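Just one chain follows, in the form predicted alone, and it is written as structure tokens.
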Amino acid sequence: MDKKNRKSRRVLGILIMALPVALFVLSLNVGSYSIPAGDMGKTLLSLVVPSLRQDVPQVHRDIVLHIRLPRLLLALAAGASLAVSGAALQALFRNPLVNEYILGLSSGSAFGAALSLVFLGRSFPPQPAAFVFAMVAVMAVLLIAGRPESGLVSLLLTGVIVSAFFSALLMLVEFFASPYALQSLFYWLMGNLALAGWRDLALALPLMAAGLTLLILLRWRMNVLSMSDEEARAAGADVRREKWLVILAATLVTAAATSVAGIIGWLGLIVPHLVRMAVGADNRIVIPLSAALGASFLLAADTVTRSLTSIEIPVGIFTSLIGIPIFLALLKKSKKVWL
């Protein structure tokens, strides 16, 4: 790569890393209730300067601190988690069509949320059940398929079987559900951040942060793991241990994000493609840039869905509608970008 291309990729990488911050500031000022920029800044400062609180209208504090801030922070964290998970699994299995839900996680999570919403109602939040059954589904795939190094085909087929099993259980739960419970369940399955609060962040953010940290630390090894197992061992990698670490970390962040945001598709498939087209296939760069672009993508999608019409569109529907044409366009351009 010549010097000019390296410089342009470096500049592009810096812009991608700065994009979440710019979108966060913009999104804070977007909503059905308009807050002047000066009042917005004063409201945020009142978090660290108590003397300013008396000058900030209570309605501004309620909207910014209890509605917009937790929602935007959750969008950033969930978007980064889903994108990094997809990028890591694509590198691990050497296949650009792999996504973060390949191991049956989405169907397991949906079943867990359905159990909670239908049979426990408001007495128990759906997030813990969704997270637990997401992990159960992935563990079932790994136990049935065997070792991660046994091959992609075995994991794919087992993932399809486990997904079908949990989908059947989900339909069974829906059959016994009341109309009110079905409405709540379908709203969750569509993927949305409308009800995001500080409790959701407290539940999911530590798990997402732990998994993301591990995947970012392992990004140096993903270049080795993306080679054949024989080449990786020759380079000094403990293939089995490191593949397990990547899979478990990717599962952790995806399960945590899905448990609080519902099923948001296409993010972990499209974002890594866009990053590789922009900066190449070096996972040392792809992983952190996927985190930044994934966070930006979901934050932008959520901002559009809550401001586009008077009736808020679930963000999972929006990402699917936008993601499908984007992915079709990428298929024609990304053939020479992969590894």
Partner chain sequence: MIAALCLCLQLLALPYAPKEGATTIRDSLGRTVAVPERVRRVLSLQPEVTRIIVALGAGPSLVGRDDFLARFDHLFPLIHPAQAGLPVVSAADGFPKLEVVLRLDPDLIIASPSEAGLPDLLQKKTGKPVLAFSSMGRFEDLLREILWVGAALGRAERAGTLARFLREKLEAVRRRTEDIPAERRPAVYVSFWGSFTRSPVGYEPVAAAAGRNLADGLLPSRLGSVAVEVSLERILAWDPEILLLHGNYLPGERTVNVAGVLSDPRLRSVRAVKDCRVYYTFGFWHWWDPALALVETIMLAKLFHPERFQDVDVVREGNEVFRVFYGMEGGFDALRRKLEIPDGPWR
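Positions refer to the first chain, counted from 1. The structure presented is a predicted model; accordingly, all values stated were derived computationally and were not measured.
Note that the form predicted together with the partner chain isn't included here; everything after this is about it.
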Revision key, fill the gap. Of the candidate stretches 97 to 105, 184 to 192, 202 to 210, 77 to 85, the one with residues having heavy atoms within 4.5 Å of the partner chain in the predicted bound form is 184 to 192
Check your understanding: How about Val48: is it within 4.5 Å of the partner chain in the predicted bound form, going by heavy atoms?
Key -> no
Practice item. Although the partner chain is absent from this view, report whether Leu52 comes within 4.5 Å of it in the predicted bound form, heavy atoms only. Key: no
Check your understanding: Any chance Lys42 has a heavy atom within 4.5 Å of the partner chain in the predicted bound form?
Key -> no
Check your understanding: Is there a non-hydrogen atom of Ala177 within 4.5 angstroms of a non-hydrogen atom of the partner chain in the predicted bound form?
Key -> yes
Point to revise | Sequence-ordered residues of 286 to 310 touching the partner chain in the predicted bound form, heavy atom within 4.5 Å | key: Arg306, Ser310
